[in-house]
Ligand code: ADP
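Only one chain comes next, encoded as structure tokens, the form predicted on its own.
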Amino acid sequence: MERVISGIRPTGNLHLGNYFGAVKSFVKMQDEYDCMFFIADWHSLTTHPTPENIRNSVKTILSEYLACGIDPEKAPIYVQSDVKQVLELYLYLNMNAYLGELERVTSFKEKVRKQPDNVNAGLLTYPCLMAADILMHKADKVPVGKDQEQNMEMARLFARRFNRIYGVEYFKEPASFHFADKAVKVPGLDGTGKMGKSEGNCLYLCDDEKTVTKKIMRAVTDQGPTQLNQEKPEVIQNLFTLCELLSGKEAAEYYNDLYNRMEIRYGDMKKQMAADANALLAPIREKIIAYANDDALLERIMRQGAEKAAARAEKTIEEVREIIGFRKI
């Protein structure tokens, strides 16, 4: 069975973009692949979170993963910092990574632009840590979005370089992976781009019914079509894309027909979207609350996940140390 590894940074609540773009696929993957999921708390240190933020965010993300249907008996979930072997492999990969290639990574240059006062070494070597997370478990496939594709290519580069330097065929080159036929892009409620935390245009899985309704009813629209069968501007096309995700293809086609006839009432469309969004989120929200209030269960799941991940990681590190020439501990 092919091995799949995927992580998420604990930077706040999951939103619909995460749900439709990744988490729904993860729930399907756990029945068809040898999956492991992890919460990437070491990666979050590049933005200097407080200890309280880290602990709360880890608990939040774990509760939401479980509420969406990830079964830790099928797909172990662990916290990155609980698997110390990752840091040793990270060190070895850093030794074979070069400054010029790391500085050319698009995500690094973007972070430098956005946070010029916090250009730390962790940002620069982010691809090395990501590669360590993946190569440690000898993953065949890694579910990623387009924004991570360059980092995936770096992981493949580091695998090839390690094998070449030490004259072995040890690390396989992990493939980028979309479980669906194509990646799902979930538009933001502001009508531009995709749904994202930093854009402030999200519907969060934990939003209550009133908040969900208010956000959707405030979704950006225009004054409506002025011609029959008029081409939709981006902001309206995004609304229809979100409508199909929340209310289904048939509902989207119904409102599309009204749009083409210049009879569309965006308010009616958004009311149905809000009702369908609440129907989707209500059971997830209830489960999130239940998991978040059961600290003993969360601790047990994290501990069991860490034990399974560490067992694999320790085997890899022992073999890597031998390949490089270090003695066994």
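If you're wondering where the values come from, they're calculated on a predicted model, not measured in any experiment. Quick note: we count residues from 1 along the sequence shown, nothing fancier.
Note that the form predicted in complex with adenosine-5'-diphosphate isn't included here; everything after this is about it.
Listed stretches are 147 to 155, 215 to 223, 68 to 76, 246 to 254; the contact stretch with adenosine-5'-diphosphate in the predicted bound form is 147 to 155, by a heavy atom cutoff of 4.5 Å. Think of it this way: in the predicted bound form, adenosine-5'-diphosphate has a heavy atom of just one of V105, C206, V186, A159 within 4.5 Å, and the residue is V186. In summary, among the residues L239, L93, M195, V83, the only one with a non-hydrogen atom within 4.5 Å of adenosine-5'-diphosphate in the predicted bound form is M195. adenosine-5'-diphosphate is not drawn, but in the predicted bound form it has a heavy atom within 4.5 Å of A22. Taking the partner from elsewhere, H15 is found to have a heavy atom lying within 4.5 Å of adenosine-5'-diphosphate in the predicted bound form.
None of the heavy atoms of R312 is located within 4.5 Å of adenosine-5'-diphosphate in the predicted bound form. In the predicted bound form, at least one heavy atom of I8 sits within 4.5 Å of adenosine-5'-diphosphate.
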